[in-house]
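Shown next as structure tokens: one chain only, the form predicted alone.
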């Protein structure tokens, strides 16, 4: 019994319920079209409530899920009357139980479930830190094999709130390689027999898992927010919020106006900001990320540094920004650190660097009059509660099974 179909956004070709990342005719995104047109909340904790619009058969029973609450202290400080925080992280006092402290966990559960339902054996992904941690955690809970390729800068982020299991295979890269090098190596590993690529933004389970942040906000507020703030590296979170909003609009109970995407990148690495500022569909490397590796090294929120984001592809971030009349911001390290300190002191929970960049973009929007004081604003705090988690759990670092010199290293050297 199918629950959804996949449809190519360019040629319209349809595929049944399967683990598929690309259309046979072109390179456009596939999007899940659900047979349940109205969002019917399930009696499940966490992300499983939103089963209506997740591309899997079995309902998820994890306590991990997004939460939305109305801000008081920060809202008062900023003079906003309807500021809502979408929080993905660990904050048990607020019923937030994402133990890897990042909304990447919302992608990992449905992806691993879809993989299992399609009879696939092992999944391969590249990560700058948070995604790898989330998939490793779900691998430890489910026993599904996962191969994670991480640049040297991301190794310290590969910790778990439980002991690592033999199903987790971590491959680190020598210093000097960045996230994009990890993506290139992971692409080669994924071609080995018995492996499937996790797919990044092309994976509908990832996008629709992240889209639950928007769904939870709409259910909590009673309608879609007017504005949506988030920091972006690949832009997948922004695309996910847009797609979730399109479904909410079609549902009919949450308003007809799509939330305005207000998205931020972290200086000096700002390719999508740079292209969008000129309303270009294409990112031009020599213009938008000249000396990319050096810029990446200087970026505070390193997880926001994807050199090949799904920006111009049909159904990608450019289309999402056009459709929502979106805005992009370039945030400095100093602005992010200032916003982090402000948020933590007023809201009472620690937040990760990408969330600090998002909070800084909200401050910029208020300064420049890009939001109304009484409008409904959703600030996506996509990661937080790490310091809070350490009070309750012992954390274990995942040991690499191999280190790759570069993305072209012979695969037989990697212990796979």
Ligand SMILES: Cc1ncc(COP(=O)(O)O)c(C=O)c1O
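Residue numbers count along the first chain shown, from 1. Keep in mind it's a predicted model, so treat the numbers as computed, not measured.
Just so you know, the form predicted in complex with the named molecule exists too; it's not on screen, but the next bit is about it.
Listed stretches are 30-38, 66-74, 377-385, 362-370; the contact stretch with the named molecule in the predicted bound form is 377-385, by a heavy atom cutoff of 4.5 Å.
The named molecule in the predicted bound form is approached by residue 231, whose closest heavy atom lies within 4.5 angstroms of it. Taking the partner from elsewhere, residue 104 is found to have a heavy atom lying within 4.5 Å of the named molecule in the predicted bound form. Contact annotation: residue 248 falls outside 4.5 Å of the named molecule in the predicted bound form, judged by heavy atom distances.
In the predicted bound form, at least one heavy atom of residue 235 sits within 4.5 Å of a heavy atom of the named molecule. Screening 213, 303, 173, 261 for any heavy atom within 4.5 Å of the named molecule in the predicted bound form leaves a single hit, 303.
Interface residue among 113, 203, 153, 130 relative to the named molecule in the predicted bound form, by the heavy atom within 4.5 Å criterion: 130.
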